[in-house]
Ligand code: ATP
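Only one chain is given next, in structure tokens, and it is the form predicted on its own.
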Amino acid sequence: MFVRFALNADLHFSRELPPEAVEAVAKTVQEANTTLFRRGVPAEATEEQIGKITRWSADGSVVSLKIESGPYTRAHDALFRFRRSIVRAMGRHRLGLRDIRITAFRVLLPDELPDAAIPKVPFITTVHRLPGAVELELDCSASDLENRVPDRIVRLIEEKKEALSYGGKVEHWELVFESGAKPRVYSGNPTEEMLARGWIRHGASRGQWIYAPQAVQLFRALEKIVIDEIVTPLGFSEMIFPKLVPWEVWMRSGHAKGVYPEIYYVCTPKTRDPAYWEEIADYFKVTGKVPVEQIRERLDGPIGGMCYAQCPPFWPFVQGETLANDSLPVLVFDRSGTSHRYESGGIHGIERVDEFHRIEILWLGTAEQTIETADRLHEAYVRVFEDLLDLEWRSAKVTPWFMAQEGMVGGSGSAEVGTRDYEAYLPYSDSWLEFQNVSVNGNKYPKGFNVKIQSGADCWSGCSGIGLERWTAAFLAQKGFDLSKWPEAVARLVGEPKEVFRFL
């Protein structure tokens, strides 16, 4: 079985159709069914798989159609092919097409879909469950059909169904390397001890920490290791990426498909006129409270959100451009600000927070250059984790869901589009923390932002986010707070922790 579409549409013309125009409609319908709707259809397609006008009538100035189809020349595509033909035919009779009104649209999906696979979008008005199938009734305008809303709904249902199946599998995580156990010198919870030592304090916002000089010393030591041992030797140049991301960027990057539960939204004032806001200010001066509901009424937007994944706001820099062959691969990184993520799974320690600090490494070039850069990064991370940080760690090949659903996974070994995760062992919880990754994203971002290469080769990209909180959590969980037991390279860079604050 295959997906089927059926629609009813009324075509409204400028005046009542004379008999000769009705005859022209009949002829146009016949030509559409025998010739027009078959263009581009595989020769092996059956009659019921191809779009067809199964019923039509003319009443006054209205031509009513019923079009049914399988996967080829889908009913809505057939409608607009027919529109072009009927406009020409009626033009000879001095009749103009004024409007197309969709009176019914149905999609039959040959599958017993789970409820979770059917999206809650306003276009779906009714869901009928049939033996071995689901029929959807859609409320769509002609412009919705031209925007391919039915096709997008069908594709979304397929993605949701596959996601439900994929979520229960483990094949997307494949162990690549494990360092083996390292000597245990500490078993405490590093966040709790950092709190006790006064290295950190909770910020005023959810999932936010204030880092005292002692913690920042370690942050900066780890950052210097990243710059000196990874970024600089591999030839990456520093940039500054925006930290406020508008919808246009997330639409192109693909994050608009599902980022909503985890972003911090950004709104703008409707006006900067002080008089417009005087009531708000006066209320606070009198009550000492901020009138949030009244403020909400005075906002526009949201226009987007705070930085969620650090690399998307880079892409407008190269959007619509063609990269010269001799500039490739492009190797850049950003360490200019915080990222923000409303952690739906809950916050925990310094390793799972809403506001975090990250060095984002990004590269783009040909497929071969992108894969080669990822391999060089893997080698650099191995050297740092083994020789400088002396961590107990492992790595695994991971297929992120967004890549699987977009058909971006293929090949084997380092040539595979996907992500390499690095995990550090946490002795205090006998668990593993994902603290680093390297992703080869294929042409996902270049395609979304229309970036090309002079040679005509496909443009690929990769990214690698280095979260300072997670590196710190992994390091302290294994090495503790006694500097004499730290790897010499880290201890030397950190120096003696500086105690600046003494509270009475």
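Position 1 is the first residue in the sequence shown; the rest follow in order. If you're wondering where the values come from, they're calculated on a predicted model, not measured in any experiment.
Below: the form predicted together with adenosine-5'-triphosphate (ATP), not depicted.
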Listed range touching adenosine-5'-triphosphate (ATP), judged in the model of the complex by heavy atoms within 4.5 Å, from 451-459, 30-38, 432-440, 47-55: 432-440
Interface check vs adenosine-5'-triphosphate (ATP) in the model of the complex: of E343, E193, E178, E386, the one with a heavy atom inside 4.5 Å is E343
Since exactly one of V353, L138, L108, V149 fits, which has a heavy atom within 4.5 Å of adenosine-5'-triphosphate (ATP) in the model of the complex? V353
Hey, in the model of the complex, does G467 get a heavy atom within 4.5 angstroms of adenosine-5'-triphosphate (ATP)? yes
How about H172: is it within 4.5 Å of adenosine-5'-triphosphate (ATP) in the model of the complex, going by heavy atoms? no
Test of understanding: in the model of the complex, would R358 fall inside 4.5 Å of adenosine-5'-triphosphate (ATP) by heavy atoms? yes
